[in-house]
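Just one chain follows, in the form predicted alone, and it is written as structure tokens.
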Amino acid sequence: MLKLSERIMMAAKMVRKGSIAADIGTDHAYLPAWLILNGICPEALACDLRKGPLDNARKTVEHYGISDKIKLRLSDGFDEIEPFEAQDFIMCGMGGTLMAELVSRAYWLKDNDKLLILQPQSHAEDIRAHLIENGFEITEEDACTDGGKLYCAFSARYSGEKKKYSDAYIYYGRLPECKKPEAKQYLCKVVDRLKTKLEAEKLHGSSEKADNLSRIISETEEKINEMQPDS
């Protein structure tokens, strides 16, 4: 049976049963294949920007005999997907900045019936900020360790309401609600990165930006200290 890595499995578990899923940047199409083989989705799309990964995806779906259930699509992000073709849209393994750019080009994702499932490799704050600014609400967050590295994943859907959050929220999102120790460890890494950025700002930047970073760090540390593991 096909097995997924921990970080990909984390995203796969957020896919809604019975939905048609589109995996953006599918590479070998392991994720959509797993969703089909485990009865989560009746159909799926496997999309990638390059022909090489799509050739790998084709080999996967042929190997598992599911070519009739997975459509392979050469697409830059969501560009070659029709709005009616899927309900759950997954992006794993790319940076949060790129994710924000791709989501911004697909206006039709602003639909409460659609679910975004995102596993950013870096700069998760960029995609969180974009979603919040454009009326999306983060619905769930998770964290895991894979290959000795910490990862987060989260789902979001369009509400049409631009809620007010603190400047720090884009750095921690709903991870403080996650009861797994990996969530706390992940946020500690976020704070370490922010502290490095703060030191650089103090040396070469503005005092205003440094003060804001200090507030963001303090709030994030408070959230970390409040986190309670599952008993």
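Keep in mind it's a predicted model, so treat the numbers as computed, not measured. In this text, residue numbers run from 1 along the sequence as written.
The next section is about a form of this same protein that is not shown, the form predicted together with a small molecule.
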Which of 156-164, 107-115, 93-101, 140-148 lines the interface with the small molecule in the predicted bound form (heavy atom within 4.5 Å): 93-101
The small molecule contact at residue 27 in the predicted bound form, heavy atom, 4.5 Å: yes
Proximity of residue 176 to the small molecule in the predicted bound form, heavy atoms at 4.5 Å: no
is_contact(residue 50, the small molecule) in the predicted bound form, heavy atom dist at most 4.5 Å: yes
Exercise: residue 76 in contact with the small molecule in the predicted bound form, heavy atom 4.5 Å: yes
